[in-house]
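Starting off, we have a lone chain in the form predicted alone, written out as structure tokens.
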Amino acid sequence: MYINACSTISHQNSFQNENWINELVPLDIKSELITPDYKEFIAPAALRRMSKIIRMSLACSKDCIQQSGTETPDAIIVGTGLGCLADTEKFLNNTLTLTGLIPPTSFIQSTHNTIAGQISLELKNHNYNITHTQNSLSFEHALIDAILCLNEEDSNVLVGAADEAIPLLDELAKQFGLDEITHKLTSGASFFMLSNNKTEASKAQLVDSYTVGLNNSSPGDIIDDFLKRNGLTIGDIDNVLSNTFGTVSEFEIMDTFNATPVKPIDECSGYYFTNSAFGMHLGVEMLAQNSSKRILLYNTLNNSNIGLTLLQSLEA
């Protein structure tokens, strides 16, 4: 499958910036989400009613479509770990503070499938659309679904992921003893146009994606099996992009991959459940710059879940 467009809104200057991977800076407590002028993508009247996660997703989706030259995606597939948190919090607050009938709007907008649904409505696209919510593996499940669609009869699939941070998450992190990630919980959205057809806009290839949930097997064995089914070994991988909540040390991950360079993406993306999508955009740009031939995304954001995604350059 060819990756014909990528778009990311993050704490990096990644949106509509071809050189953004050369401008990466480690996040700190003062880092903020870098957002575009959403009025260029969304009508002002509609914009006022949209939460941050919907704004990010719509802007990235429309940017992807413009880049790829695809008028109508055959499917719209989204992954999200926590969904529309701002609207969920608003709805729950309403149930506690309001008497009588509760306005349904915030409940309707809080459901996870609001993301794919809003994109579909905005694009007036009546094809297949779905949002996958599988904890830290949500984006990988969206990719697997996209691969299935492309292996059937679809030619162009818009796939992406988004999660938003709200102040309540930092409070919950403290309560669960995760003080080391307090103020590092971030928001982000990344979308991609996947296609069976190589075009002048093609940037890289998506070879495969695989997940293992609630697993106690050796990560090394899982990785070896995944690469083997794609006719590769660890020695064929030029770079590994990994993410973790800090519970797996960088040295453990480096040991797993022997001499293959490992780059943690969390230091640039912050922590959110689908930041492996940020990693995929980062990997695509590395391949497009011809600095690598094959990149493996190693998602261990949740220790018991492992997500693997294999990318390769157009020339590989």
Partner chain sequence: MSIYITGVGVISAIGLNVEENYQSLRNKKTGIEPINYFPSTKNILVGEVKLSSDDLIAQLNVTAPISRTSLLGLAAAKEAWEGNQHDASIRTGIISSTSVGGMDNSEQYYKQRLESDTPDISLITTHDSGTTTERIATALGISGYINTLSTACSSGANAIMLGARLIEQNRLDRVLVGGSDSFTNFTEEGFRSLMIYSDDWVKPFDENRNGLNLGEGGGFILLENEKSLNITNNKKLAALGGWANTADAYHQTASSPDGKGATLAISNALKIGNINPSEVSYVNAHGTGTPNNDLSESVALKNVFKEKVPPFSSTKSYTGHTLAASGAIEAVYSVLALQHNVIFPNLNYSTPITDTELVPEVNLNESHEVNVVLSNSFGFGGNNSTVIFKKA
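Residue numbers count along the first chain shown, from 1. Fair warning: this is a prediction, and the values are worked out from it, not measured in the lab.
Quick note: we don't show the form predicted in complex with its partner chain, though the next part is all about it.
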Open item on the list: To verify the annotation, which of these, 72, 218, 175, 199, has a non-hydrogen atom within 4.5 Å of its partner chain in the predicted complex?
Closed with: 175
Task: Answer option from 238, 208, 170, 224, heavy atom within 4.5 Å of its partner chain in the predicted complex - done: 208
Open item on the list: For a quick test of understanding: in the predicted complex, does each of 31, 204 and 312 have a heavy atom within 4.5 Å of its partner chain?
Closed with: no
Task: residue 155, heavy atom within 4.5 angstroms of its partner chain in the predicted complex - done: no
Task: Touches its partner chain in the predicted complex: residue 234 (any heavy atom, 4.5 Å) - done: no
Open item on the list: Please tell me whether any heavy atom belonging to residue 126 falls inside 4.5 Å of a heavy atom of its partner chain, as the geometry stands in the predicted complex.
Closed with: yes
TODO: Would you check, heavy atoms only and a 4.5 Å threshold, whether residue 114 touches its partner chain in the predicted complex?
DONE: yes
Open item on the list: Only counting heavy atoms and a 4.5 Å limit, does any residue of 210-244 reach its partner chain in the predicted complex, and if so which ones?
Closed with: 211, 212, 213, 214, 216
